[in-house]
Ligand SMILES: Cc1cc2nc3c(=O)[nH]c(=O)nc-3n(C[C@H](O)[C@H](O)[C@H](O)COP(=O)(O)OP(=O)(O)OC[C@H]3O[C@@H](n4cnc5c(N)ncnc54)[C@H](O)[C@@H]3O)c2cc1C
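Single chain ahead, written as structure tokens, the form predicted alone.
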């Protein structure tokens, strides 16, 4: 009614809850209106004139910290040792809260023992993407971790999660010896498959070239190598088929890494930079990013603004040399 006032109709999907009951879920009615209004809405739909609502819609209001009030470690900027996770950080969803809770718990333990807190990069985990978004982007609605938010999706695949995060989890002390042993077995398996793939030929052609064909499947690779089509083999095939794109993303990550470590002086007056858009100057002044990498991810700062900022920083460095 508010966002789509110009429309004369709205789709609602009636979905059976289970085979064991006659409950029906009205998918499309997300509301916190009074009960009598909800009754009228449901009974006004075709075929639902005698329907009874067994569980009314509701809403929960809650306060949240703003993006410039927390670090990507989940610790607040104002109170050292206070870590926040979940809806208070502006997120919506169980998975989002669970991911933040894991990071907040880990960093709280590290803080209590005087160990440096950790952050996850956008190229390393979806938790890293989420936390980076939460501290650099002003939300207009509760945050959900959609895969489309990640620019390095080819690296953040479900099949290679263990390879990306298990060694780090071992270092941080968050996995068991049993889990670590299983990972080492998988690691050796992947190394064996890659060695076999590089040595194999099919119809006189190197297999490493043949596997890049889009029609080539994990079953094909298992048959040619006389290996089991397991999860490790699936990962090896995906790495080879997307090898060119993955190399391109890794090159971009390497380029961005330089931006992540290049610091922005705390005394710089962004409003005094000639040519910098007002929106960008205001965002940079409000968030006071520590590095160029953080600055480039702020809402309101575009690539042209970043180019100008790099030029200004280079000039300041030359003048101070």
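Residue numbers count along the first chain shown, from 1. Bear in mind that the values here come from a model prediction, so they are computed numbers and not experimental data. We call the rigid core whatever largest set of C-alpha positions still superposes within 1.5 Å between the two forms.
Another form, the form predicted in complex with this ligand, is not on view; read the next lines as being about it.
The shortest heavy atom separation between residue 92 and this ligand in the predicted complex is within 4.5 Å. This ligand in the predicted complex comes within 4.5 Å of a heavy atom belonging to residue 85.
In the predicted complex, this ligand stays beyond 4.5 Å of every heavy atom belonging to residue 213. Shown alone here, residue 222 lies farther than 4.5 Å from this ligand in the predicted complex, counting heavy atoms only. Checked against this ligand in the predicted complex, the candidates 162, 108, 97, 238 yield a single residue with a heavy atom inside 4.5 Å, and that residue is 97. Checking 77, 201, 248, 144 for any heavy atom within 4.5 Å of this ligand in the predicted complex turns up a single hit: 144.
Only one listed stretch (284 to 292, 54 to 62, 39 to 47, 266 to 274) carries heavy atoms within 4.5 Å of this ligand in the predicted complex, and that stretch is 54 to 62. A movement of the C-alpha atom of residue 62 falling short of 2 angstroms is seen between this form and the one not shown when the two forms are aligned on their rigid core.
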